[in-house]
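Form predicted alone, single chain, as structure tokens, below.
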């Protein structure tokens, strides 16, 4: 299996199960509360570890007691995190409200992101694959370029979930770009193949993947071939939180193993559907 570095954020999630979403000025009692580790890159690292890879997470961690929840989950799943910078403050925190298949999320963050200096300790040639969340573009753009120069054989993927200033600086460098439906909508696209055609003009070297909600996902190979994988709907949807990160892990796992982009898209969609049938990201028995 591969050694994979995942760069991004790890959060403290407070997940409330509700009978319904509260109205204005309504006070209600939640039916459940789960306190757990979250964050896109961190979630993907946990799933990839369960798929058998040697995974490492790299992102700032708060020097605070609450970080123990994040660390404990990484240890349980065999995700290395010892190189993470420790900064004063509190962990990025998300309050997540779930009612049936619907969810609302409130984020709070005052912990700084990785700085350019934090990346000095990373030797990209030590990894088979490096995955980035697209966050602080001004920092990660030169980092990706430097990693490319130091280790041209290492494959790099980048998740484009939310629009950020100057993110187009990143497009020419990754082998794989994983885009969200919200990211496509920000660029005024309501049809997936039109977005993929536009995106291929900006990153012709990359395999493109695009999640499209209830209809599944679309992909595009560097040769321009476009393909679709329909959603794998479970009989009962239990928990959709982290399904997108699970999709990313299934996609990367297949590509790391030499699978075609189309096969990787199918695996990502299938694994995400299986995840929706269980609570959390403890996927043993579903893989």
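A quick note: this is a predicted structure, and the numbers were derived from the prediction, not measured. Positions refer to the first chain, counted from 1.
Another form, the form predicted in complex with a small molecule, is not on view; read the next lines as being about it.
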* **Listed range touching the small molecule, judged in the predicted bound form by heavy atoms within 4.5 Å, from 234-242, 51-59, 66-74, 255-263** => 234-242
* **Heavy atom of residue 166 within 4.5 Å of the small molecule in the predicted bound form** => no
* Would residue 17 sit within 4.5 Å of the small molecule in the predicted bound form, counting heavy atoms only? -> no
* To do: Answer for residue 79 alone: is it within 4.5 Å of the small molecule in the predicted bound form, judged on heavy atom distances?
  => no
* Indicate whether the small molecule has at least one heavy atom within 4.5 Å of a heavy atom of residue 119 in the predicted bound form. => no
* Asked: Does each of 158, 171 and 203 have at least one heavy atom within 4.5 Å of the small molecule in the predicted bound form?
  -> no
